[in-house]
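Take a look at this single chain in C-alpha cells; it is the form predicted alone.
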C-alpha cells in the first residue's frame, strides 16, 4: 500500500486530480423536497450530504496543500436549487472558484403502450438519462476541456448518496498509475446473493459489471470451491478515470437500459394521470458500460464499514439511519468526531 499511496500522493500534490459528483437526483424517496444532496442526514451538527462530501475535500486540502476542483452534475430539475444551496451555505468553506456545476442529459419517457408521454404542461416528458450519461454531459458541457486546461489527469466520479465515499484516495490513484491502467474502481464484498448492487465481472475478456436487475438467480447464487460468491465483488460507483479514457468514452454512445417506474403524465384527453405502481419506462445509461471500452482496469477492494454508507431509502436498508450510524462509527473510531 505504501508504494501505491506514495505515487497517488505525488499526483495529488501536482494538482492532477479532480472530483466529479453525480447529484442530479431529488430526495423524493427520503421524503425530502429538494436535491438529495441538500438532505439533512440527522447528525448532531445537522450537516447536509453536500457538506459531508465537501468535508472530505477540505480534509484533502489541509492534508496535501492543494485545492482539488469539484464538479457537480445536477439536472434540469434540481440545478437552480443546488446552486442556491451552495451559495446560501457559503460553499461550505471550500473555495467558490473550485466548484463547478453542469447539467445531466435527459431522454423521453414512454408509456406501457410504447408511446412517448407528455408531462403536465403538454410537453414531452423527460427523465434523467442515468449515471452513464456523465460522459456525454462532461463532453457537451466542456468539463473535460476545462480539466485539460488546468492539467487534470485523473478524475474521481462518484454518486452523491454515499456519505462515506473517499473521493480523494491516493491508494486507488497509485494502484492505477502502478498498473498503467486508465481506470480503477472500488469494490466491497457483496453482503449476500440478493443485495441490490452491481458486481464486477469480465465479458469477452473486458472489464464489466452485471447490474442487480439483470443478473440471473443462478449467477447471483453461484459459489466457488471456498463457498464464496463467484459474482461477489460489488461495484459501489466509486471510480477513477484517466482523462484520456474519458475523452475516448465520451465520443461514443453507451447502450440504454429500460427501467419501469411510476410517472404522472397527461393523457390524450388532457387529463393528468397518476399511479401508485410503475406505469412508464425511462431509459438509462450505466456508467459501468463504459468499462468494456477499456483493455483492463484496476479494482481495489475496500471495507464496507469504511467507504460505503448509501442513503437511498426512507427506512430499513440503505436509509438515513443506517448511513448515519456507519458515518458516526467510522469517524468516532478515528477520534475525529
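The shown structure was predicted, so the numbers you read here are calculated from the model rather than taken from an experiment. Residue numbers count along the first chain shown, from 1.
As for the form predicted together with a small molecule, it is not shown, yet the points below apply to it.
Judged by heavy atoms within 4.5 Å of the small molecule in the predicted complex, the contact stretch among the candidates 264-272, 279-287, 60-68, 298-306 is 279-287. At a distance of at most 4.5 angstroms from the small molecule in the predicted complex, none of the three residues 17, 174 and 244 contributes a non-hydrogen atom. The shortest heavy atom separation between residue 129 and the small molecule in the predicted complex is within 4.5 Å. Using a 4.5 angstroms limit between non-hydrogen atoms, residue 209 is distant from the small molecule in the predicted complex. Contact annotation: residue 293 falls outside 4.5 Å of the small molecule in the predicted complex, judged by heavy atom distances. Although the partner is absent here, residue 26 sits close enough that one of its heavy atoms falls within 4.5 Å of the small molecule in the predicted complex. Of the residues 234, 104, 239, 82, just one reaches the small molecule in the predicted complex with a heavy atom at 4.5 Å or closer; this is 104. Among 183, 138, 157, 160, the residue placing a heavy atom within 4.5 Å of the small molecule in the predicted complex is 160.
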